[in-house]
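Take a look at this one chain, the form predicted on its own, written out in structure tokens.
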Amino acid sequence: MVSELKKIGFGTWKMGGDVIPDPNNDDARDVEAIRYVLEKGVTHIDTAAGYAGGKCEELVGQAIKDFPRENLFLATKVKSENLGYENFIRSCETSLKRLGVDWVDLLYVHHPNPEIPIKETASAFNELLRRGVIKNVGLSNVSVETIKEYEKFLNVPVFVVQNQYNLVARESQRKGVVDFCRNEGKHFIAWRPIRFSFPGATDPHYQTGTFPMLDEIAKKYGKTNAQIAVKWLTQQDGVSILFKSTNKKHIDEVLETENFELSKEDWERLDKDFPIQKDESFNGSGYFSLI
């Protein structure tokens, strides 16, 4: 069984639809993309009960069925409205059925819900761990304080924290979440690592001319802007990423970042001097802060 996370995992948001299934979605394309990354050596696949109303989990299940289960690190998430004990258990059970597996390597709280006591959610995590249907606990979109509060009631440490983090979205860095995870031996996973989406963004995909600093550094290394953005993250101790694409060229582009390193000077320049840095995260519909 895979117990360690590689630097690059594959996300599946918007496969099968948005928050509800899209009847016009190209399901075969999505399944093929997941299979492609698995064939390229990616072992970590991330999905969620809230993606396309559960259809995304079904597509992941189709994609992984011909691969040895023990060679995969499979993660899914429970929606914020389902963090009560019974609903949390039921959500996990439903996800397992959609995925066609007996266990997941990692189960997340997708977003915190201040209306539901953390102790209740932690009790559900503990029960699922006891049953062996989940192997590790994850929290997404959380602050250091929330991580600490969960660990008062969990029978195991939080294994992974997944927050938005990229050259623009610096909230997890500035609020100490990245350093806390690193110091406590937890994995930190960056979602939306290479899409700088925020109100007024000239180009959320940072094509040439959007950020001259990226253009300059990319040219120096003979890489694309996206590859430099990825490498700034994966070169950090304890930080991994999740990316999603159905374009094989773009998938290869991200995976090829494992073959070079940024100099200390270039990494620090991106870290300190990147021209736009936001203290909050942005999810496409508005800003939100970690809780």
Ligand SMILES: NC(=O)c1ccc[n+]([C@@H]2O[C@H](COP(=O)([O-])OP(=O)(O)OC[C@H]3O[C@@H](n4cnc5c(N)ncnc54)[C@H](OP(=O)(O)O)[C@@H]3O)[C@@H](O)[C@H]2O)c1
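Keep in mind that this is a model prediction, so the values were computed, not measured. Counting begins at 1, following the sequence as shown.
As for the form predicted together with the named molecule, it is not shown, yet the points below apply to it.
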Segment that reaches the named molecule in the predicted bound form - one of 145-153, 213-221, 130-138, 194-202, heavy atoms within 4.5 Å: 194-202
Partner proximity in the predicted bound form: residue 13 to the named molecule, non-hydrogen atom cutoff 4.5 Å: yes
Partner contact for residue 162 in the predicted bound form: the named molecule, 4.5 angstroms, heavy atom: yes
The named molecule contact at residue 206 in the predicted bound form, heavy atom, 4.5 Å: yes
Contact label in the predicted bound form: residue 245 to the named molecule, heavy atom within 4.5 Å: yes
Position in contact with the named molecule when the complex is considered in the predicted bound form, options 239, 226, 31, 49, heavy atoms within 4.5 Å: 226
Joint contact, 77, 110 and 253 to the named molecule in the predicted bound form, by non-hydrogen atom at 4.5 Å: yes
Sense of the change in Cα distance from residue 204 to residue 176 in the predicted bound form - at least 3 Å versus the shown form: farther
